[in-house]
Each structure stands twice: as C-alpha cells, then as structure tokens.
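Next up: just one chain, as structure tokens, the form predicted on its own.
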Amino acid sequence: MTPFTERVIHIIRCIPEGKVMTYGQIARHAGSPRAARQVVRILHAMSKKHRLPWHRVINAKGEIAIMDDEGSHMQSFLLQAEGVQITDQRYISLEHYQYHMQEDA
C-alpha cells in the first residue's frame, strides 16, 4: 500500500458521524491536491476491506456522486441515519456538514 493510500484511509476513518468530506479535500489532506479521482478509486477498492465510512465522502458540489440508484439510496440512507439532511435526494450542505480536519491529524 502506498503512503498516499494509507493517508487517505486514515483521513476517511477520521470523518466523524454526521459529517462529510469531499474527495478533493481528502486528496489535499493526504498530500496530493489533484488526486480526487484516486481517492474515488481507493474508496471503491478498499471500503469493505478496511471498513471505511465511505458514505461520508461526497463531491465538491456537496452532492452524492454515486450514479446507480441502489448505491446513492444507500449513501443517502446512511447519512440521514447520522442526522445529515439531504435535499433533492442527493445534496448535502457543505456549510453545515463539512468536516474540517486538523492539519496534524
């Protein structure tokens, strides 16, 4: 596992219940600001193995990015269960729910 992948996994694990982070935000904190798509790949490949709270990661628009209905409904359900309000079935207010990680975490 690369150091970047290890950092991404650590960051995702640190997102508290009821909060979200964006793919790009995670990439920046992991040391590679232009690697948002790599964060997507890591989540896809390692969420189950590492028991990551994958549902707490959304796109920069505050939108659930999963396109298939089952996956987006599951993400929406899990976020709502943590108290996150979702509008139009896929939008989350980054102003209210975005997690801002400490630099030393």
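Keep in mind the model is a prediction, meaning the values are calculated, not measured. A residue's number is simply how far along the shown sequence it sits, counting from 1.
One more form of this protein, predicted together with the DNA, exists but is not displayed; see below.
Contact with the DNA in the model of the complex, defined as a heavy atom within 4.5 Å, is made by none of 10, 13 and 18.
Proximity of residue 99 to the DNA in the model of the complex falls outside the 4.5 Å heavy atom cutoff. Remark: residue 44 counts among the residues lining the DNA in the model of the complex, judged by a heavy atom distance of 4.5 Å or less.
Taking the partner from elsewhere, residue 66 is found to have a heavy atom lying within 4.5 Å of the DNA in the model of the complex. Not displayed here, the DNA is kept clear of residue 76 by more than 4.5 Å at the level of heavy atoms in the model of the complex.
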